[in-house]
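Here's a solo chain for you in structure tokens, the form predicted alone.
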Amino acid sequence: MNPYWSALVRDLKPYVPGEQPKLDNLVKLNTNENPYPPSPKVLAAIRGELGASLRLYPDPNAELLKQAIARYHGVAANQVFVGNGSDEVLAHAFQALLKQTRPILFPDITYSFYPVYCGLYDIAHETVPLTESFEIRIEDYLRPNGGVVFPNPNAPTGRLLPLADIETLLSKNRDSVVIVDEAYIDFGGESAAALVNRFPHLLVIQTLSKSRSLAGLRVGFALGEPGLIEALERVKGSFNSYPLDRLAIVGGVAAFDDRDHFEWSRQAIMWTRQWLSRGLAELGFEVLPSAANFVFVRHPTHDGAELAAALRERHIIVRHFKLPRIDQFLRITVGTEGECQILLDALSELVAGQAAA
């Protein structure tokens, strides 16, 4: 351990991102990337921005992008915050809104960046167990807290919390901020963005990485009451005044303006998810109901880690978590139909081989 590290750094347990392996003929189903390319309008907008203007700083407020997001969600531009991916937006929200005297609450099985932010910003927290069927139960959060944060659909389970349940939580938990992390909402859920004008303590965070195929561009945003947005802006202005570059701004605007491509892409993924889920169930897997661009599955007679390793030998990469309660599950990104067929063929052989043994 380096003697120059601060005590904070020595104690940190950083987030571990999904592997980006460099293998030939890879079927990559481990990081929930969209299997389809971005809108051609996004690529054209980025090409149009490539020129002498790159010598100049981008608009620090990304006003064009904020306006595009506001138009899409039916809110005012001062209700929109943008950042370098939803992870940065989340980080600013933790620091600006969740560093309170009482512990914040989030599920015991959820996005693993949440406890990392708590460690980085010295935020007290308590985890709330999911039900036996891996669902968020609103009643469990109706107790004193410094804030509530959860993904919807949840990650890595993919389970969706109905909008009515979120509204109930907001109605009964008015003394602290509720952050709904909607990275996967476009694959089958109803966004809580519809509630931001009714509940001043609600912050909704989304990303362009998943449903708009822009994981490589790093664009995230938050929607909320102007006072919450101002808190995020104060943190951003004290950290990085130019989080989004010129290419990200124009690409993000084009992505929101091309609704036809967005709708085609998400509908294709939802269809493939349903087809893949049926195929996995036919192989004996338990498949949790998913409203995301991935499925969370386990097999009653096949160890999850061994299954992931066997798939890797066939150059098929899925995500396995060595964590309590879910160490037998695999999180499988919904790829193209062809990629999912390769996965199903491999699992069919592996499951049959294990059964024969």
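Since the model is a prediction, treat every value here as computed from it, not as a measurement. Residue numbers run from 1 along the displayed sequence.
Omitted from view is the form predicted together with a small molecule, to which the following refers.
Novice: Please pick out the stretch from 70-78, 276-284, 241-249, 147-155 that is in contact with the small molecule in the model of the complex, where contact means heavy atoms within 4.5 Å.
Specialist: Contact-bearing stretch, as computed: 147-155.
Novice: Considering the small molecule in the model of the complex, which of His261, Lys99, His125, Arg218 comes within 4.5 Å of it through any heavy atom?
Specialist: Of the candidates His261, Lys99, His125, Arg218, Arg218 is the one lying within 4.5 Å of the small molecule in the model of the complex.
Novice: Is Lys210 close enough to the small molecule in the model of the complex to count, meaning some heavy atom within 4.5 Å?
Specialist: Answer yes; at least one heavy atom of Lys210 falls within 4.5 Å of the small molecule in the model of the complex.
Novice: Residue-level question: is Ala183 within 4.5 Å of the small molecule in the model of the complex, judged on heavy atoms?
Specialist: Yes, contact at 4.5 Å.
Novice: So, Gly85 and the small molecule: in the model of the complex, are they within 4.5 Å at any heavy atom pair?
Specialist: The answer is yes: Gly85 has a heavy atom within 4.5 Å of the small molecule.
Novice: Does the 4.5 Å heavy atom contact test between Phe187 and the small molecule in the model of the complex come out positive?
Specialist: Contact with the small molecule, no.
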